[in-house]
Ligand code: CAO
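Next comes just one chain, in structure tokens: the form predicted alone.
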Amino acid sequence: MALKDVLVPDIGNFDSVDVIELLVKAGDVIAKDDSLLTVESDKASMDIPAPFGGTVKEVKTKVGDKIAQGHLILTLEAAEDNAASPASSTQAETINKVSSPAITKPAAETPKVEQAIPTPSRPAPEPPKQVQPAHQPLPVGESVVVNGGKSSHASPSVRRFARELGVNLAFIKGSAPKNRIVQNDVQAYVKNELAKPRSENMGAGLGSLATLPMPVIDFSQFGEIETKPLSRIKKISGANLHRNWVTAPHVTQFDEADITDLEDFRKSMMADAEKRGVKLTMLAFLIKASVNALKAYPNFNSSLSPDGDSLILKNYYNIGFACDTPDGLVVPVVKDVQSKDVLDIARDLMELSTKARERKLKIEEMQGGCFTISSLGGIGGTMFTPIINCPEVAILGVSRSSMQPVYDAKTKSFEPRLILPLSLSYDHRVVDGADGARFTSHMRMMLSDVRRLLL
């Protein structure tokens, strides 16, 4: 038997993730791929599996820790045949360095200001003044008196650091005891401000304009209430949806597609699909049709550059689909749709949906999307306005299909046809109204003729 370290694997483009649940304890016997702990990023929750089996000797991580790739999770007593290869031994040596106390406690470090924060462009703050009334905007960079007349609680060195960056300490909440502001709080505030959408040439940043504050109301005076905290996913998705809504000027094009023949074809294929272990849904056909439309109108398969001066056209076709889970909305992505048939797409939809409900989606399974479909057909409704999943430039909303009488000019009579409502929201900075109408017309044509869809 050998004592081996279990480290955090590649978790995507994240500096760190939060540990929200430990699934093992010292003395547990685990097998390869058993879940060790659950972590949560800004986008989703996921389990980290065991790279090999053995007996847990000591757990080195606790709930609430922030961990990154290479962080030591626990030590396992495993058989000698599971011993690490020379390459993995070298990695372990590197990780041991990463796991040293000086590294695992980032709060104790003092990063170099020149590397961590860009050169400030705002003026240095003036001496503290009284807080202005809520209806008057505060001058940029001006210090204020907060907390009932008390100044922001920070050391002289932190105040000097904030002045160098042009940061108003009144807008920062301290993380140290008694709400004391430390240097990490200032850096986090600046980092968050720099991450907000740019306003130059983009029409973005509307959310930062001065608005009337929401009134603080004691709802308990009107009746019994219950306070329920939002899940982390809902908090993050809510902030992203607000950013997307105020950043991209939305226009929604509504249309209807006759899917009578397509639905008949889908039902005829269900037996073959079940033999292959696949549930064939209308969403698989919608994804297939959307790729055809994206090829016909490339501007829909693009993103604006960060400076807003150019358009980035994509030569790959990855389609995201909004998936409702108990923790909130997530958007898994079906990759390389152009090279798959509807049964392959249906299989991917099943696998990704199951992972989403079980909180096992990987970060890479929610990245790289070009276009998103939000289907509410299983719930109901006629039409709605979906919010664009930026940096994508369009999203298709699908509501419940219904039988409607459609007039046939040849027979001069009405026929019952299955009609599917479509709602296409697009970024008006990239797509104009004419192309928006052409896109939905193309989708309608593809869905109404199965032969075109299968080409």
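A residue's number is simply how far along the shown sequence it sits, counting from 1. Not measured: the values here are computed from a predicted model.
The same protein also exists as the form predicted in complex with the ligand; that form is not shown, yet it is the one meant from here on.
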Handout entry: Contact test in the predicted complex: Arg266 vs the ligand, heavy atoms, 4.5 Å
Key = yes
Problem - Interface membership of Gly174, the ligand in the predicted complex, 4.5 Å heavy atom rule - result: no
Practice task
Evaluate Asp324 for contact with the ligand in the predicted complex, applying a 4.5 angstroms cut-off between non-hydrogen atoms, and reply yes or no.
Solution key: yes
Handout entry: Ser374, heavy atom within 4.5 angstroms of the ligand in the predicted complex
Key = yes
Handout entry: Three-residue site Leu329, Ser353 and Leu420 fully in contact with the ligand in the predicted complex at 4.5 Å by heavy atom
Key = yes
Fill in the blank from the handout: The stretch from 304-312, 247-255, 163-171, 281-289 that lies within 4.5 Å of the ligand in the predicted complex, judged by heavy atoms, is 281-289
Problem - Single option in Gly378, Pro298, Gly368, Gly238 placed near the ligand in the predicted complex, where near means a heavy atom within 4.5 Å - result: Gly378
Practice task
Just give me the single entry in Thr61, Ser41, Ser399, Asn389 that has a non-hydrogen atom within 4.5 angstroms of the ligand in the predicted complex.
Solution key: Ser399
Exercise for the section: Heavy atoms within 4.5 Å of the ligand in the predicted complex is the criterion; list the residues of 421-453 that meet it. Expected result: none
